[in-house]
Structure formats: structure tokens, C-alpha cells
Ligand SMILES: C[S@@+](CC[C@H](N)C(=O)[O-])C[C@H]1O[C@@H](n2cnc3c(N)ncnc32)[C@H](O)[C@@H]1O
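Below you'll find only one chain, the form predicted alone, shown as C-alpha cells.
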């Protein structure tokens, strides 16, 4: 089992064993697609044979393409950066100035991810990364083995930076799709971060519901994770999809009472689960 290269808020590392229970027994032999990739916790857990990954975060996707094509160069570049608050803000400023070579941009991306507060990726209205320094004692910034393994896995996959609807063109009958959209917030306090300059509102969730219907009609298996909130439940009640309630650990929320183990849903068209 591989490990993710990045820390990622909202990642499914703690939920992956619940998702395991829903997978078809022969999932290892199916092509796999993940339109909302983020940190890719399930992807690295499953180590699928081939397919596609996608995210609308352009910097994230450029990072993964460097991991795929130039893993050793990435490792060497990150190892040049010493850990410290002053260095963090220097690199954050350089990152936001843009016009960087791919390996340098990817190396700074990884450094900021491992040394910034809670591993958040958050941008402001000008699309500038604005996460503060994380104040770790001795953060492990580079895991060479993880980067090399990720490079090997990514070489099996097409990597896209598109809207999630791209999946209609690439997923074929019998494929498996994992959908992990930005959750519909339980409240306005739960929407703690912005992964890209593009938002993801309730209309997008309805579009995703319609996409699930299209995938089902095409014979594509899917599993979607989402928040356990009434609008999501209402959106899927009229379908024949199975809705499973699970508990997941959430450490990030401005409201302390909304941290810890909270209910979420897994929605799927996979039979006999």
C-alpha cells in the first residue's frame, strides 16, 4: 500500500476502510478514475492499475506531473530548503509571484504543504496562497520512497486539470469512479478552506448527482463521499443508489463542537453492498 505524498485537508485516509467495504471484489482489475483527486488517499491505498486522475487546482496538478516525470529532481530540489519561519515566508512569496520552472514550483508546493498550518491549501480572492507558517518542531518534508512510488503509479494514469464532467468522456462500462467533491458544508462555519479560485456550490452538487445518473446508465460503477446534510440526502432520495452513513474524523473546523467523529455519507450504484 502506497502513502500520499501530500497532507490534504478533507482527505479520506481515515475513511478508506469504509470505502473498501463497498468496492466490487474484482476492483483491482478495473480502470479507476478520480475526478476530485486532492491528496489521493484512496488512490494510494488501492494502487489501481490505470485510468485517470483530475483536479481543478492547477498548481496541484502541475505538482503531480512533476512527481510523475521528474521525481528525483523534485527530491533534490526540496532537500535544498531548510526549515524555518523566515524561509517559509520567503518561499511563499516566491510561490505567489509565479513564473517558476516546474521543478522549483513543485518543490516549493511540497515544502509549503508540509510546513504550513495543518497542511491546508487555501488561496485568497487574488488566487494567492495565504496559509500561515505551521510551527512544527521537526516536520518530515521529503519522503523519497513515497515520491518514487507515486511516480510509478502516476505513469499508469492520464492526469487532467478539468471540471469533473470530463469523466463522461473517459470512463467506460465496467470502470470504477471515486467522487470526493468539496463537501456541502454542514454550516457556514464548516467551509474552512478554498482549494482553488473556483467555488463548488449546491448547483454543482446537483450537476454531480446528474453525472452519477449518467455514469450509472453507462454501466460505470461509482462511489461518492459527501456530508450528511439534508440537501444532499434530498438530492439522492429519488434515485436507486444506495446511501450508507459512516462516521469520519474531522480535525478542522472553526467550531470546536463540529470536530471529531461526524456522520458522512457514501453513495454508490455498486450492487450487493
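This one's a predicted model, so the numbers in the text were calculated from it and none came from an experiment. Positions refer to the first chain, counted from 1.
Absent from the display: the form predicted together with this ligand. The rest refers to it.
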At 4.5 Å between heavy atoms, only one of the stretches 126 to 134, 155 to 163, 91 to 99, 74 to 82 reaches this ligand in the predicted complex; which one is it? 155 to 163
Pick from 246, 56, 70, 211: which has a non-hydrogen atom within 4.5 Å of this ligand in the predicted complex? 56
Does at least one non-hydrogen atom of residue 11 fall within 4.5 angstroms of this ligand in the predicted complex? yes
Using heavy atoms and a 4.5 Å limit, would one call residue 175 a contact residue for this ligand in the predicted complex? no
Residue 116 near this ligand in the predicted complex, any heavy atom under 4.5 Å? no
Does this ligand come within 4.5 Å of any heavy atom of residue 41 in the predicted complex? yes
Heavy atom within 4.5 Å of this ligand in the predicted complex - qualifying residues of 22 to 37: 34, 35, 36, 37
